[in-house]
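Below: one protein chain in two forms, given as structure tokens, structure 1 then structure 2.
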Structure 1
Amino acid sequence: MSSASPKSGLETPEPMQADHINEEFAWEVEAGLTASPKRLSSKYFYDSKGSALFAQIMDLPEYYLTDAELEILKEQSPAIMDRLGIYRETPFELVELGAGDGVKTIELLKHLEAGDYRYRYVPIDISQQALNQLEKNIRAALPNKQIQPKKGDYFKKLGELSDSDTPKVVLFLGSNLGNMKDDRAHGFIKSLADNLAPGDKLLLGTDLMKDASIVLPAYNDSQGVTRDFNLNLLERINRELGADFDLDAFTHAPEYDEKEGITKSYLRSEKDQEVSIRAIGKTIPFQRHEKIHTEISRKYNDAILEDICRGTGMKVIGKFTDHRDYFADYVLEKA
């Protein structure tokens, strides 16, 4: 029998069994939905359904980011390797952080394989499922290519490679840095530099600042796939934490500030309502039009990136863009 909370007047849901709960997920959901304003971490988008939906997003006509970076790697890999200071006779380690399905990386690997470069490819990801899919895709595209995947925290695994004197090129593609606020992005770049030797390089994918008419459709496509991707986060909370979110009562509501250069994704409550979450034993109130902040996507220019890199030990030494200047892969070097 549930009881009413004397403090809030809201009904307290029956608790779930502890052995059925992802405790970190439950803790972060509780912290985020009891904060003001409400928030949920974008890292929880990527359960199996979320990952499949994101794969669909990358193929959407409105989602220019994938095609733009794919164009760069297809057409400019020789120039990129030259700017990285890597030549055929130079042994090096190619370390990728969060490679995803590897579609873009494969274009770079094709160039390296055709040129008989002497390198070892080491993808790092926290998801074994992602590494398995990456390995499968690389095997299909490059049957003779051997890779050495490592599952775990980026910096821990990168640190394990730091004892080697072999030069390193780190790939961090797909504008993943843009999902971090600027202070956190600064900390990320600094932590990366701390695990590299002087002269090591970083190839960093970044979405560039542009008009809202181009940016917003990439986060609110006509087919509603991005909407479903965002709402799946609530569905995951329902499934894994015993919540009763009514998905029809929430709307996907992205916003973009052209001057600031940041896209923000929200889930907006369309009515006054209460949501019970058994795993945390709480009922969360929502007001009509109250928003849950789920994600940011920073857009960059040279000045913004250089400001983020200041004091990290990494310096921008090159830039490659697609033909529309929508996207850039920057080359950074540890001083």
Structure 2
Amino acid sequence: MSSASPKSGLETPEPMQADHINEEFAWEVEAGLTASPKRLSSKYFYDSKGSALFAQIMDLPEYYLTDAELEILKEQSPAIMDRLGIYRETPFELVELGAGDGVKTIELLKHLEAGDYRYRYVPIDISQQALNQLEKNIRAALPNKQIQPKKGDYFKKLGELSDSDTPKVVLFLGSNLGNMKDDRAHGFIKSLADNLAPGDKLLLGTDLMKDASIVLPAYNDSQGVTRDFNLNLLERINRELGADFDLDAFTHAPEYDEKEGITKSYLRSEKDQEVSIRAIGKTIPFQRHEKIHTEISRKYNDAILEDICRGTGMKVIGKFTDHRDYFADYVLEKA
């Protein structure tokens, strides 16, 4: 165990210097690890190591989501733009929430550039590393394209959407919505709608419900990259909040219930142990086999999505799927 401070029982760890702490991260970790059952927010996966690991996940043979959505955007961008009701002469803003490295979006941008569409591309991401990689990828694929990246939490950036009257197309790809429970997803789509004007659109990437034998390996790959991605959350708490998680004493334990259609990722304590976290001045006890819930990934069908959208002001008006029907990009319109 990498001990930052000596421990005995539940004694209070030595505090850290306040000016070195990401307060919001510390607060959320404290709330999550003192709750029952324990949980950590998936948004903290994406520090620079986590973003690099996620880029590796997208390349894994088991992670079918990337190939499926890439295929949709490569092959169906002209039809998607038609359904979005955007034509060459229509100036619009293309705002992408949780843009990541932009590899899939570039396929849509290539179509827009070739067709001389008049638009501003505004990718938003909480991770600077992801935005740096996205800029690099866009420079390589489309050297003349200027973009306006914004770093920040998309929950907090939704209000900025109503700053201009230009028609908007919001991209929310990669089944990012699936990381929210249905009631939160409903609230998120509603806040998005509240900040859009009638006729604005959302292109929403969603992973579709399917057999566990296809879904589960995407969250538990044979090379252990998804394991490292999940465990990096504990490593990040060690690095940034002065904790002493023993990474060998926790395992990556994803589950998928086919009926419910939700993958759940956990970190499971393999023994009775205590972990001290200096930034919050607490020692957290773990029982053998106690789990920390770190992420959900919801799988969708038309009925589930329509239920989530009911009463939000957004209506499904189109659907594009890959050839295996693994993934769908839905088009939604603000009424």
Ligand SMILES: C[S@@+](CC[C@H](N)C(=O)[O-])C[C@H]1O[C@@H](n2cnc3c(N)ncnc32)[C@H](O)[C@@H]1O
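The first residue in the sequence of structure 1 is number 1, and each one after it adds one. All figures in this text were calculated on a predicted structure; none of them were measured in a lab. The term rigid core refers to the most C-alpha atoms you can superpose between the two forms while keeping them within 1.5 Å.
Trainee: Do you think the form predicted on its own is shown as structure 1, or as structure 2?
Mentor: Structure 1, not 2.
Trainee: Taking 2 Å as the cut-off, check whether the CA of residue 89 shifts that much or more between structure 1 and structure 2 after a rigid core fit.
Mentor: Moves: yes, 2 Å or greater.
Trainee: Quick check on residue 125: with the core superposed, does its CA move 2 angstroms or more between structure 1 and structure 2?
Mentor: True for residue 125: a C-alpha shift of 2 Å or more.
Trainee: For residue 149, state whether the C-alpha moves by 2 Å or more between structure 1 and structure 2 after rigid core superposition.
Mentor: Superposed on the core, residue 149 moves its C-alpha 2 Å or more between structure 1 and structure 2.
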